[in-house]
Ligand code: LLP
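Only one chain is shown below, in structure tokens, and it's the form predicted on its own.
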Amino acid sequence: MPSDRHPCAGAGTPEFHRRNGELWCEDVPLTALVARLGTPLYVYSRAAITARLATVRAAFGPDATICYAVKANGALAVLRTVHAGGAGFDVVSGGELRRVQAAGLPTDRVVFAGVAKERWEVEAAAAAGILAFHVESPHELQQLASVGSQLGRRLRVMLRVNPDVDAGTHAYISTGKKENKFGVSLGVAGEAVTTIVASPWLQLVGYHVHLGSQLRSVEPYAQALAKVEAFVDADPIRARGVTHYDLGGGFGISYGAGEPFDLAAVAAALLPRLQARGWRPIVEPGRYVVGDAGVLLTRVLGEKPQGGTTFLLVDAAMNDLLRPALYSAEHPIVAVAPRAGPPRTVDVVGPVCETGDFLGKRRDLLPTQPGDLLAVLAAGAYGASMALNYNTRRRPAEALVDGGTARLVRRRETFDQLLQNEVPDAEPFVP
């Protein structure tokens, strides 16, 4: 890092750093962005996204297909950035597929997961020539075969199995245990394979496992592959035509605490076994690519001591960043331009009319004054993509920094946009 740059405590990437005490993204001071675009404001680093993609590629090698999980952050500019870094896409809805297409990007390296696909979504994805459908429920097979028959060609499918592996993550982001809704349990997966192989309109090309988000160890990935291997080896038909193994994603980021996830260790544990079977890996990173690459900037409105707690009031809220309220997620929060003085313990809360509206609790922050800026770090994933309009609040603007330049990549919503679909004066009708 150049001598004029210093690490920002809690930032998971050097692209967010301090110069003369103030927080910068790459070569742009965050105060300058706020002066131009206001708050709340999401800011993303193009260099950080590109560097994380390079880390994934280095770990899994040139034969791996990287499918960025669009749900983590679907901004069109972000999708173009990850495509430029060599990634395809993992989508879980027809809307996410439309995002990829709206960004003007190819769809031949798209995989489509989701437990409840509608027919129009299947038709749209099939017409787009995606890489494969991830079959998560046996009932999907009839619909997929019907669409294949309609188009006159076989659809490539990968069976998503539920290996009943505890990934040791939050209950709301666990997806590979038997009580989760995702995937087909191994006990009935054999019947699904038989149905696929027997269909003239379906082609089995692989197996898919996704264990959840924020995994911190190699072992769950190794356990899941072992269970899939045992399943396949139990019947030769289950290996027929299989060319890919999708190990999912879920690679954890530190959120300001702990060591970076050892992605190379996951690759080292799985790749030799996949190569022995002639299976090529598919990897689905989302948070790992964009989480540390984004921050949410918010302005201090004031503070309020009450009941033994000092509430620091800011203009961002749970509708802008839902993760703390939804998952009790803890994002590091720092001052953009810190003031001198001893830190004090505060709850950082927003204007939304809910007790669950907080960005951080019991945080030791330096003194602030109204108008000061705070940065919520590691907010590039599941921040803007989960933002909503509760309390008739407008979703934030988003900016992408590339070196010394910045671009507005999503305008702040207007109140007119929030109201445009409402029809209070529409004529009544009888269904």
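None of these values were measured; they are calculated from a predicted model. The numbering used is simple: start at 1 and walk along the sequence shown.
Although not depicted, the form predicted in complex with the ligand is the subject of the following passage.
Of the candidate stretches 43 to 51, 358 to 366, 397 to 405, 63 to 71, only 63 to 71 contains residues with a heavy atom within 4.5 Å of the ligand in the predicted bound form.
The contact residue chosen from 210, 299, 156, 109 relative to the ligand in the predicted bound form is 210, the criterion being a non-hydrogen atom within 4.5 angstroms. Put simply, residue 113 is close to the ligand in the predicted bound form: some heavy atom of it is within 4.5 Å.
Using a 4.5 angstroms limit between non-hydrogen atoms, residue 251 touches the ligand in the predicted bound form. Under a 4.5 angstroms non-hydrogen atom cutoff, the ligand in the predicted bound form has residue 285 among its neighbouring residues.
Proximity of residue 327 to the ligand in the predicted bound form: non-hydrogen atoms within 4.5 Å are present. In the predicted bound form, 382, 386 are the residues of 368 to 391 with at least one heavy atom within 4.5 Å of the ligand, listed from first to last.
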